[in-house]
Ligand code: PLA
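What follows is a single chain, given as structure tokens, in the form predicted on its own.
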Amino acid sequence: MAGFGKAMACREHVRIRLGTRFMSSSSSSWWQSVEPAPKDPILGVTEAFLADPSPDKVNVGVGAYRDDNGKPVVLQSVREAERRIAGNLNMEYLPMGGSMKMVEETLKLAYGEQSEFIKDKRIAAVQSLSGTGACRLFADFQKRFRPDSQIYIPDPTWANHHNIWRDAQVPQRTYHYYHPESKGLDFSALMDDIKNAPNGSFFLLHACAHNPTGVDPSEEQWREISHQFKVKGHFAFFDMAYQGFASGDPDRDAKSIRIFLQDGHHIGISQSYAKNMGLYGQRVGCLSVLCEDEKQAVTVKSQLQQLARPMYSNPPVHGALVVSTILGDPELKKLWLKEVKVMADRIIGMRTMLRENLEKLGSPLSWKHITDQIGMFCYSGMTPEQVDRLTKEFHIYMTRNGRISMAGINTSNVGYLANAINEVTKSA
């Protein structure tokens, strides 16, 4: 018996060793096929900037507002809203559709304070995880209920737009938008693409302050675009990340949307409070879809909520409370509108100063496009090689497509930046 027991123990030892080896081999192979993800072209700029010890370094890569001292800003209206919220409200889950009060106030900003569509309850709307979340939620909605459709996206656009619709498995096409020679809008080519797209196509439009170019259609051009959409039966999905931040006037920045509404379109809108309230880290926004009637709006909203449920269940509460507190109080809203204009005016002022500095240096190039463009970004027209020189020789960081974040410019560095740009472009 002793020999039998010894043999059994030996067999058990071998079994355990083999099992351990099998588990080790199996476990190690689970993720062997995973390759490192490519670095984000925008966030990678910040990483490189932070690692640079140079005292002269300048970051004009990331789209986040800075004051004239280069510091992040928390608006007074936001601070006051937080003071009122602190200790007075619970932290219970929001519904899947988010804060109804925040959504109601947000719709007024986009559709108009006295909008008939709001009164008639024709808008299906949910709180979203900022503008990115609103776009993703709509992309999934499009895929689920119009599975054979595709999305037309402007060339160029914010890089994440492509990621969003790709991961929602919606086929993409691009349409002409930017004209490199004029550094303005390629309007004729844009209109041709709208006309040539199959009837009933989905188009992604930037409502204002186009990212990355800063080039927006004029009011008359928007009217022509809207008319052609009507002729072709296209669906317009507006990404409005910069309302108020572009011109300083939220109503003026929503003009493209109001034109489409006046012309009888059923549209979708993504809204974000990252830029215009500085709530970058709170991830608060809204997705809305204008429907035929109240019944359809209820149905569409139920499906948007159903899509949100397995993604994130329900949106965060704090940012929504900040927004609804500000927009729901006349005095706080007035203060916010004043602060939005201050931010927009500083950006516009930096555009003027950068152009004037380049012209004083005797640059052989035209820099008129700096002040013609609007919003957070300037599409400078610099080549990737020129951008590389700016980084290597002058410690100036931006994305290689030449996009300058105007918020990173201030009265202390605008001269240095202009001189560096002149150096790398004067022989072009």
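Position 1 is the first residue in the sequence shown; the rest follow in order. Quantities reported herein were computed from a predicted structural model and do not represent experimental measurements.
Keep in mind that the form predicted in complex with the named molecule is missing from the display, and what follows is about it.
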>> Using a 4.5 Å heavy atom cut-off, which residue among 226, 201, 211, 314 comes into contact with the named molecule in the model of the complex?
In response: 211
> Quick one: of 357, 132, 142, 115, which gets a non-hydrogen atom within 4.5 angstroms of the named molecule in the model of the complex?
Replying inline: 132
>> At 4.5 Å between heavy atoms, only one of the stretches 256-264, 226-234, 123-131, 287-295 reaches the named molecule in the model of the complex; which one is it?
In response: 123-131
>> Counting heavy atoms only and using a 4.5 Å cut-off, do 206, 241 and 283 all touch the named molecule in the model of the complex?
In response: yes
> Is residue 245 close enough to the named molecule in the model of the complex to count, meaning some heavy atom within 4.5 Å?
Replying inline: no
> Is there a heavy atom of residue 111 no more than 4.5 Å from a heavy atom of the named molecule in the model of the complex?
Replying inline: no
>> With a cut-off of 4.5 Å between heavy atoms, is residue 183 one of the residues that contacts the named molecule in the model of the complex?
In response: no
> Taking heavy atoms and a 4.5 Å cut-off, does residue 136 contact the named molecule in the model of the complex?
Replying inline: no
> Looking at the named molecule in the model of the complex, which residues in 252-280 have at least one heavy atom within 4.5 Å of it?
Replying inline: 272, 274, 275
